[in-house]
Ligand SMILES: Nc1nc2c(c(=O)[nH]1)N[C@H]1C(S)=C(S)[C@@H](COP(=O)(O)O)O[C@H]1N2
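Okay, here we've got a single chain as C-alpha cells, the form predicted on its own, with questions on binding and movement later.
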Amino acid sequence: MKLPLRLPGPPSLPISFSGRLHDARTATAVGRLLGAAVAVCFVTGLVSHVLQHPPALLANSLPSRPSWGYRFSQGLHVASGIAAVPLLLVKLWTVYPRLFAGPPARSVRHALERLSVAVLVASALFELFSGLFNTAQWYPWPFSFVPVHFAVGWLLIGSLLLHVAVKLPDIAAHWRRRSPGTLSLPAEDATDRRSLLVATGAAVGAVTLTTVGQSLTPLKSLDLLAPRHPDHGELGLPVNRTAARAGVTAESVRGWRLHVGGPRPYEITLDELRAMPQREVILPIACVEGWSRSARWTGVRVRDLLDRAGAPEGALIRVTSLERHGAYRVMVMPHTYARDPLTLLAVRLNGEELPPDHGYPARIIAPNRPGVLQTKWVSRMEAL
C-alpha cells in the first residue's frame, strides 16, 4: 500500500456552520434581551456619572430626593451589567461564525459594517468586564476607571445603535416567535433553541440572584458571589476606604476642630458639635461598586452649621477631608443637598460613636448621594 507523498495540512477554519442555533432567529432572541440590559445599564450609568461629576448647568441643582434614588439606580446599574455578561457571551456564541467568515471585506460598505461590529464587540466586552472588576475594586490597568468607562459607554451605545440600524430588516424579520423561515425548522432544532434560551435565562437569574443582595437587602441571604455583603463591616456597615488607607491617624484627629467658612466664619470642637441640637436620620450608603446599606445616623444638620456662618441660601458648599490623598478628598455639594433637612454632619452611627473607618470625628451623610461623596473625616466646610 502506497503512502501519500504529502501529509494533509491542518484543517482550515470553516466559514459556514451547520448548527441551526447559529441562526438569525436565535441571535435576535438573545440580542433583544442583551439590548434591554445594555440600555438599562447605560441610562443608570448616566445617572451615576451626573451625580458624581455634574455638568456646570446642574452643579448647584441636583435633586436630593428621593432619598433612596441613587441606591436604586446604582444597584440597578450593577445588576443589569452583571446580567448582561452571560447574555453577551451567548450572543457572541450565536454569531461567531459570521465574525470569522471570509473574505474580511467584500466592499467598502461591508468593510465599514465589519469595523462597526468589531467596535461594538470590543466596547461591550470592555464595559462589562471592567465594570465587573470595579465591583471587586480590582484595577489591573494604568488608566483612571471612571472617565474611561464613561467614554467607552458612549462608544458602546453609539456602535450598538449603528448596528441595530444596519441590521433592522433582519431583526424585524426574526423578531416574533413565529417569524418567516422558522415554521419549517425540524422539531429537534426548535427544542434546542428553547433549551438554549431557558439555560441562558437560568444563568442570568443565577448571577443576578447571587449578587443583587449586596444592594437589595431582602435578598442578602442569597448574596453568595458579590464582593460585598451589606451586613459585613464595623457596626453592620461595610467600608470601602479605611482610615489607614486614607492616611488618617489618631494623631491627625487629636485636637480636631471643624472650620466653617462664610461671612461669619468660626471653628467648633467635637464636644461643642455634640452639644448642638442633634438629629437622627435613616439613610443608605450607596457605593458605585453596587453595594448599599441603610443605617441610623445622628448629628447636626449641615444647614444649621451654615446658617451660623451666614452662608447664602443658594451657595455651593465645599467640604474638605482630613485624608491626605484621594480623588474625593475635596467635595463640592449643591445647595439642594446642603439645605436638605436630612443632610447631617454625623458623629454617631447606629447609636455608637463613629469608628475611625466610618469617618470619626465627623462625616457627611446626605440623601440620594453616591458613597464617594459622603465625605469622611471632615475638617472644613465653606460656602463658595
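All residue numbers refer to positions in the sequence shown, first residue = 1. Quick caveat: nothing in here was measured; it's all calculated off a predicted structure.
Keep in mind the form predicted together with the ligand is missing from the figure; the text below concerns it.
Asks: Identify, from the list 300, 285, 281, 90, the residue with a heavy atom within 4.5 Å of the ligand in the predicted bound form.
Replies: It is 285.
Asks: Taking 4.5 angstroms as the heavy atom distance cut-off, pick the stretch from 235-243, 148-156, 106-114, 266-274 that is near the ligand in the predicted bound form.
Replies: That would be stretch 235-243.
Asks: Thinking of 47, 68 and 72 as one candidate spot, does the ligand come within 4.5 Å of a heavy atom in every one of them in the predicted bound form?
Replies: No, the whole trio is out of contact, none within 4.5 Å by any heavy atom.
Asks: Indicate whether the ligand has at least one heavy atom within 4.5 Å of a heavy atom of residue 25 in the predicted bound form.
Replies: The answer is no: residue 25 has no heavy atom within 4.5 Å of the ligand.
Asks: Given that the partner is absent here, does residue 361 sit within 4.5 Å of the ligand in the predicted bound form, heavy atoms only?
Replies: The answer is no: residue 361 has no heavy atom within 4.5 Å of the ligand.
Asks: Can you check whether residue 371 is within 4.5 Å of the ligand in the predicted bound form, heavy atom basis?
Replies: It does: once the ligand is placed as it appears in the predicted bound form, residue 371 has a heavy atom within 4.5 Å of it.
Asks: Does the 4.5 Å heavy atom contact test between residue 60 and the ligand in the predicted bound form come out positive?
Replies: Output for residue 60 is no: heavy atoms all beyond 4.5 Å of the ligand.
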